[in-house]
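Have a look below at one chain only, the form predicted alone, in structure tokens format.
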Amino acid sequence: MDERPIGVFDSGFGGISVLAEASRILPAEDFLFLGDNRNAPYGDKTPEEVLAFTRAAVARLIGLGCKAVLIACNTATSAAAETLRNDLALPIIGMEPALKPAALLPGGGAVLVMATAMTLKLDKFHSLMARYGQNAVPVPCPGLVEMIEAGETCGPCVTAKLNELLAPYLDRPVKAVVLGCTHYVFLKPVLRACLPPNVTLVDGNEGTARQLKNRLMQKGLLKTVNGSGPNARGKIEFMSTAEDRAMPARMRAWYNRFVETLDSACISTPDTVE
């Protein structure tokens, strides 16, 4: 049994949605969540900047004794995960837009891939497109992460922004929308209202969490607890690079709210991980 915590890192609040899935699948584990809110969003940074930010965050989590790190950010995974795996011995779990499971859904129509501009530009996404992107349409979403980081996840401004981003692509049949940024998962209720009822939302959160569990099992790093009840659940600690000392409390509130509303209507499979 390895009682060390698991580090979860994101550019801001988005990775909290992945943390919720990881905690659900690995309830006995302790987690340290680190949000780089000071440097968010990553989508408008250079790959070199994102690599440097991610390297610093992972080093901080390792310094706090983490046995594995989950990069709960598609952009950071694309820019940094391969380099960090080459440099570090501990498991580094990353994410990628869940294009494969979306492409394999039955029926016709396009697959819209909502993501940051950087995620859509880098080689990792181009490789996904080459394999599974026959009917895929990249949808860059400038400004959306900033709204979510500011706490706007519903209301007329968010609806107007989503309509602005999606309207140019809804003049054709669409079978699925891939949420290629962990922040976007918080917008599922509004997205469903903006899309035709037959469109499926697809994200990679559950698949990533299951991949984390598999890697810990392979390395003999799982924490096991006998029995049930409050003492059988692990602890979750929130940290932020922002100067605002209230940020960790805000993160915990986001986590609690997300866990309360967590649903399975957004498809997520083990095939969505990197």
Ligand code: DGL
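Small disclaimer: the values here were computed from a predicted structure and weren't measured. Don't overthink the numbering: it's just position in the shown sequence, from 1.
Here the subject shifts to the form predicted in complex with this ligand, a form of this protein not shown in this document.
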Checking 93, 181, 79, 202 against this ligand in the model of the complex, the residue with a non-hydrogen atom inside 4.5 angstroms turns out to be 181
Considering non-hydrogen atoms and a 4.5 Å limit, does this ligand approach residue 33 in the model of the complex? no
Look up in the model of the complex whether residue 145 has a non-hydrogen atom within 4.5 angstroms of this ligand, and give yes or no. yes
With the partner left out here, check for me: in the model of the complex, does some heavy atom of residue 73 sit within 4.5 Å of this ligand? yes
Find out whether any non-hydrogen atom of residue 207 is located within 4.5 angstroms of this ligand in the model of the complex, and reply yes or no. no
Per-stretch contact check against this ligand in the model of the complex, the hit in 130 to 138, 103 to 111, 181 to 189, 153 to 161 (non-hydrogen atom, 4.5 angstroms): 181 to 189
Can you name the residues of 88 to 116 that have a non-hydrogen atom within 4.5 angstroms of this ligand in the model of the complex? 116
